[in-house]
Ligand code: GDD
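Below sits a lone chain in structure tokens, taken as the form predicted on its own.
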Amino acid sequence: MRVLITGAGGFVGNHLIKELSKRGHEVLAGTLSGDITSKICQRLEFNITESYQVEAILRDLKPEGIIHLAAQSMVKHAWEYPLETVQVNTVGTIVLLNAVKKYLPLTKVVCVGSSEEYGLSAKTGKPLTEEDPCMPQNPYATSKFAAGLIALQMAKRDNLYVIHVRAFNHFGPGQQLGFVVSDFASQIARIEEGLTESVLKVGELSASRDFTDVRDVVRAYALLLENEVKPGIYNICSGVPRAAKEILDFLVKAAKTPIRIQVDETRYRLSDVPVFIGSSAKVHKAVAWQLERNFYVSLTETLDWWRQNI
């Protein structure tokens, strides 16, 4: 299958390129300016918000499947630049689906949303299902919820084949700073190299979130693309709550030098949701997806990546 990935230059995109290529697909890697050095894909440079650029790609290359990753994915950045976030995440999705409708109406599109869409629904503490209401609490979450809602409305009206996935927290080798695992691992790698003092600065550690290795996540995307499944929403998650302290304790124990922990209140992120987990029962039933990666092995591999790339 010839598969177009939008936003292929990012953390998830680079892993998805490898996964799809391994599965025998021809990959068209779309990026705005991301660093794609892989020789197992065709690199395409375009802006997801520019309709004439997106239409040209679909018209000329005719992908048989699309996985739509292109997004502004940082919550902090979304608060500072909400207009940009909505333009990329929401308007970009509309631009893509308009082009699909115009040139490739039979092509399946997997739109990647976020567990952040559920927002305050997670206050119950129970695993969230696709039937739970969405109450997003930040501009990033709202932009993703709007994108998914409009995508499914367009699909229903225009008879398009759209899957909207809500991926919960994911991590792994290559993740940028600004996320809990990569922030911890990068600080430890710098301490080990003697680039900073042996103090790891942390924020609030009690909140529990649902973490999945990015390589398991992209495998779920591939399975949803390859198989005939019912259009709609699918959660991608582990169903296991992991406190930030659990992650920190494991990584600090794995460090090659003693490290002191220092609480930094500037790193605190206010949250009304102490436990945020999901249910993956629907995707498991649809395509038999389940976790293959061991959580602690994945943490170790992420730390090792930072040791090699610090």
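The shown structure was predicted, so the numbers you read here are calculated from the model rather than taken from an experiment. From 1 onward, residues are counted along the sequence shown.
FYI, the form predicted in complex with this ligand isn't displayed, but the following is about it.
Partner contact region in the predicted complex: 206 to 214, out of 98 to 106, 128 to 136, 206 to 214, 224 to 232, criterion any non-hydrogen atom within 4.5 Å of this ligand. The shortest heavy atom separation between Val202 and this ligand in the predicted complex is within 4.5 Å. Contact annotation: Asp60 falls outside 4.5 Å of this ligand in the predicted complex, judged by heavy atom distances.
Within this chain, Gly178 lines the site of this ligand in the predicted complex, having a heavy atom no more than 4.5 Å away. Using a 4.5 Å cutoff between non-hydrogen atoms, Glu192 does not count as a contact of this ligand in the predicted complex. Taking Ala78, Ala167, Ala151, Val88 one by one, only a single residue has any non-hydrogen atom within 4.5 Å of this ligand in the predicted complex, and it is Ala167. This chain is drawn without this ligand; in the predicted complex, the residue among Ser238, Ser115, Ser186, Thr142 with a heavy atom within 4.5 Å of it is Ser115. Taking this ligand as it sits in the predicted complex, the stretch 38 to 73 comes within 4.5 angstroms of it through a non-hydrogen atom at just one residue, Ser73.
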